[in-house]
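A lone chain, given as structure tokens: the form predicted alone.
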């Protein structure tokens, strides 16, 4: 069975963020992930991890901005990363440096750098070309910085329904970027929810991409509502078995992040009561 990590940005929404670590541990999770840690001192989060014997497995680099307050404003203003945005290289580098400091404090081996939403242009070919060049250059720099810290940089294709204009949308695009950059610690964050919406054929893609060594992390949620994996059109019991079988054959030992919104919402025990889907 793949190792499951609770996404604390989505699960246990009825609780303050720092209390969600305790709840995840009580429910038997051994790993956690979340979007952003920057509103809290790294020491606070590290203490919650230690106190609950939890492994931090993933979080995101800032979405934009130059400091903790700026990161929050950037997200509120709709920024979804700067990696592919020409002219935002300084913010990207600042964000990666912040993320690596937190990764060290939290002993987290993976940081996701969001690609960003492209501005609309009448010359889409030129826009895509410029964005691709900046994207690969930024990721190459980030991977070099992260390698010294023993951290993997991840990129994630995100569906265009939830995030219109996002630069990276498909698994084949992401793997082409990883090959082009050529850094061994640059990997793909394979979110089965986004992949099902954009392209489907999930089991085949797991079998195709996981043995390449380019997949650093999986995430799951029910499609289309993004509730528990048992709710929706995907057979997650089957897909988790596929991950398990392929992982055993190729030696992959990563995590599967549970990045979904509990169907019952922010009610007491709403997340816990919905965990019956776990094998």
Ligand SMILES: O=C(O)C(=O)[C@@H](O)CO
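Positions refer to the first chain, counted from 1. Source: prediction; values computed, not measured.
What follows is about the form predicted together with the ligand, which we do not show.
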item	value
Interface stretch in the model of the complex with the ligand - options 187-195, 174-182, 84-92, 101-109, non-hydrogen atom within 4.5 Å	187-195
Listed residue that, although the ligand is not shown, lies within 4.5 Å of it in the model of the complex (heavy atoms), from 96, 151, 158, 134	158
Partner-contacting position among 231, 247, 46, 35 - heavy atom within 4.5 Å of the ligand in the model of the complex	35
Complete contact of 22, 52 and 258 with the ligand in the model of the complex (any heavy atom, 4.5 Å)	no
The ligand contact in the model of the complex: residue 114, any heavy atom under 4.5 Å	yes
4.5 Å heavy atom contact, residue 56 and the ligand in the model of the complex	no
Contact of residue 227 with the ligand in the model of the complex (heavy atom, 4.5 Å)	no
Heavy atom contacts to the ligand in the model of the complex at 4.5 Å, residues of 60-85 in sequence order	60
